[in-house]
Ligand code: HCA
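As a starting point, one isolated chain is supplied in structure tokens, in the form predicted alone.
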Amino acid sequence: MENREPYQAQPSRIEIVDTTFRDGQQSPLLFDTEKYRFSLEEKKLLLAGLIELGVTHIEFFSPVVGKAEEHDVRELIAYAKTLTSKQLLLLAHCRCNFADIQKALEVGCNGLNLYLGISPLAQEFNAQKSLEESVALVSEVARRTRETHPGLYIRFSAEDAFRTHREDMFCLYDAVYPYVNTFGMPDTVGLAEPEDVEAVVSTLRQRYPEVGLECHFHNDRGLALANVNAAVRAGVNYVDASIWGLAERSGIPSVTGVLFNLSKRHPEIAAQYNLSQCYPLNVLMASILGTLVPYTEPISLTNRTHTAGVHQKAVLGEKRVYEAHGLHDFGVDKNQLLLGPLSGWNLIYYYLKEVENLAISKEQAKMLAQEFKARTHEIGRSKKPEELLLELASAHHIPRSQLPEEVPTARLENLD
């Protein structure tokens, strides 16, 4: 295998490759929420949010997927160029097919994410090509595309890389190495563990020193984010992610979760990305899907929500007791204490005094807490915790505090 001059130097920084508009639209959650696909206007909102966050690598469906996607990709590429002066890589996820590639370039994509599966299962049931046939096809497509488009960004991935025989992958990657900018290693079915990832990345980095490496991990085993951390430690430059981690089946790592984790070891992330836009981007997706930000998403108000009495008491005094990871820089600037069956007298006192403006003493709050806990079985859709607590306070004739006239009746709670 001969060395050659790289078409593009390996990036010195870590780049997020967002695939919300490709893998994200394959998420079952779009069906669960009866959205099915994002409208063009919704895509524009999400695209603007991603660019505001600082994402510059964005993957779309191949335009051959359908007329609607072809139209949307054209519009989004034109719109993206109005949003920033930064250089953007607008990528089409393409089969190794010249017609697909030509259509992607016609709509304005300036990069290709090519793929083909050569695992034993792919050879038998999917691509239905032998290894030799696959190598011949991919090398011909990569060579001719490079010859006709010398400056085009090209990534190639062996689909289902972690179930592909290592020597087969080398055979394929050796053949296209002279023509690509980046090699991918997609864990298409979420099989890999961090130890597997480090081994594969280290081997590819040593064997192909002049190209970038990209990872794409699915979350079937709940290991996608851990695998990202392992891949970056081992030398990966590009990390595939999506808003909320939307993708096939159980999804992939979320953009904001990846940035949050990588920033721990790579402080330069804070200069590269506008991290304060992480939470607004998650909330934007929630508004589009008509549901809440997932409770598993690190950059969320849920990750600053406390329900247990012991936690609530501590957070009222010093939030660092139960909040070890700062989220303020990621756009989460408050926390949330939920009144409920597990709340203790500290939150009951705080809620009635500061939110409901009752003239209550700590001793009264302790008394009410005992009564409240004895009746929590009444809490449900027909009676909220706040209603039960106010009912108890009223039964004990606890009056409201007298506010000066200049104090507004509407108040903004701030627990910081």
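Values in this document were obtained by computation on a predicted structure and should not be read as measured data. When you see a residue number, it is the position in the sequence shown, counting from 1.
There is also a form predicted together with the ligand; it is not shown, and the following applies to it.
Between the options Arg146, Lys313, His306, His93, the residue in contact with the ligand in the model of the complex by a heavy atom within 4.5 angstroms is His93.
When the ligand is considered in the model of the complex, only one residue from Thr256, Ser343, Asn227, Ser157 comes within 4.5 Å through any heavy atom, namely Ser157. By the criterion of a heavy atom within 4.5 Å, Asp23 is counted among the residues contacting the ligand in the model of the complex. With a 4.5 Å cutoff on heavy atoms, Ser119 does not count as touching the ligand in the model of the complex; it lies far away. Among residues of the shown chain, Asn237 is not one whose heavy atoms approach the ligand to within 4.5 Å in the model of the complex. Taking the partner from the other structure, the ligand in the model of the complex has a heavy atom within 4.5 Å of a heavy atom of Pro186. Only one listed stretch (186-194, 293-301, 101-109, 203-211) carries heavy atoms within 4.5 Å of the ligand in the model of the complex, and that stretch is 186-194.
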